[in-house]
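Presented as structure tokens, the chain that follows is alone, the form predicted alone.
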Amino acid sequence: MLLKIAKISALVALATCTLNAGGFDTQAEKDRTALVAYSEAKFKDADKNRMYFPYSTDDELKNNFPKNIKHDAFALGSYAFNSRGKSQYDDIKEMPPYEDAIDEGEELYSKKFANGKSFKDCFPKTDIAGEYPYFDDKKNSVVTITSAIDECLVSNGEKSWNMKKGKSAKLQAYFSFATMEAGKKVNLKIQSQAAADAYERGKKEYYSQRGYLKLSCANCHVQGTGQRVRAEYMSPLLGQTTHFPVFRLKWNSLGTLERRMAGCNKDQGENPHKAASGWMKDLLYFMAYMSNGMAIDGPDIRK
């Protein structure tokens, strides 16, 4: 089994684009299904696969890692394979600290701009979190939900909001909650060669080493998934985007996916990329596609 896991890991990391005109998502689907297989095999039995968890004790491997973790469960992040942490998470979820933010987001959605319009004119539906990011062929660019909110503001003569926290995160919390309530899933599509190219750029960045520490996102969230760093476990790429925005206890506030990725840039020893940059948009497009078909379950909490 370990050899199989290693082969699948190599496939996810090294696969290159082999698309044809009739299926622009062919390679992306290969990557996604390989990631699901890799994740399920790795966590089938952590005790037997202990070579992948070099810093965990015998007690952790035998008693803290559930066996046979399946695809959808990985949306819980590290709580999918941390039974003790999951119980603390469940306690906090009984009275989540982001509840007021959802209500504030609903108010922002309906509040009139100076020109009499509102976000309702830009986003007629609210259960839309699973539809972002998407590739806009006319703009030749990925559109994230954060950039779509900003575009709505600017096109209506309003000032841009902070793209990492504050009002944008609260409005996204409302969209995410509405999407979760509607039972909708991540539903991304790759329908052109330009979109496939954006996906490939995002994948390349996810697997590329950066910063003075020479780390890639995959070092921590594919190969390193489940490894312990001090008292915490590194979360999986699979399901990584389904629960944003998140209320991090470290922040004591809600933050967008762009905010979290900027923090990861710093952790890698790299200057953070701008939230509205093409680099960030392509990366989030790849990450979200890896969670295709998984239920939206945000907003959520993380440490």
Partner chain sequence: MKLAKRLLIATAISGLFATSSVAGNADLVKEGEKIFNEKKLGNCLACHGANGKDINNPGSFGPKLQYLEAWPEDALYAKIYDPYTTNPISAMPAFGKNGWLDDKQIKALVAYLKTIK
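This is a predicted model, so every value here is computed, not measured. Residue numbers count along the first chain shown, from 1.
Below: the form predicted in complex with the partner chain, not depicted.
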{"item": "Among 143-151, 214-222, 187-195, 72-80, the region lying within 4.5 Å of the partner chain in the predicted complex by heavy atom distance", "value": "214-222"}
{"item": "In the predicted complex, the residue from 253, 265, 49, 56 that sits within 4.5 Å of the partner chain by heavy atoms", "value": "56"}
{"item": "Contact residue in the predicted complex, from 165, 201, 86, 228 (heavy atom within 4.5 Å of the partner chain)", "value": "228"}
{"item": "Contact label in the predicted complex: residue 34 to the partner chain, heavy atom within 4.5 Å", "value": "no"}
{"item": "4.5 angstroms heavy atom contact with the partner chain in the predicted complex for residue 41", "value": "no"}
{"item": "Partner proximity in the predicted complex: residue 234 to the partner chain, non-hydrogen atom cutoff 4.5 Å", "value": "yes"}
{"item": "Heavy atom of residue 209 within 4.5 Å of the partner chain in the predicted complex", "value": "yes"}
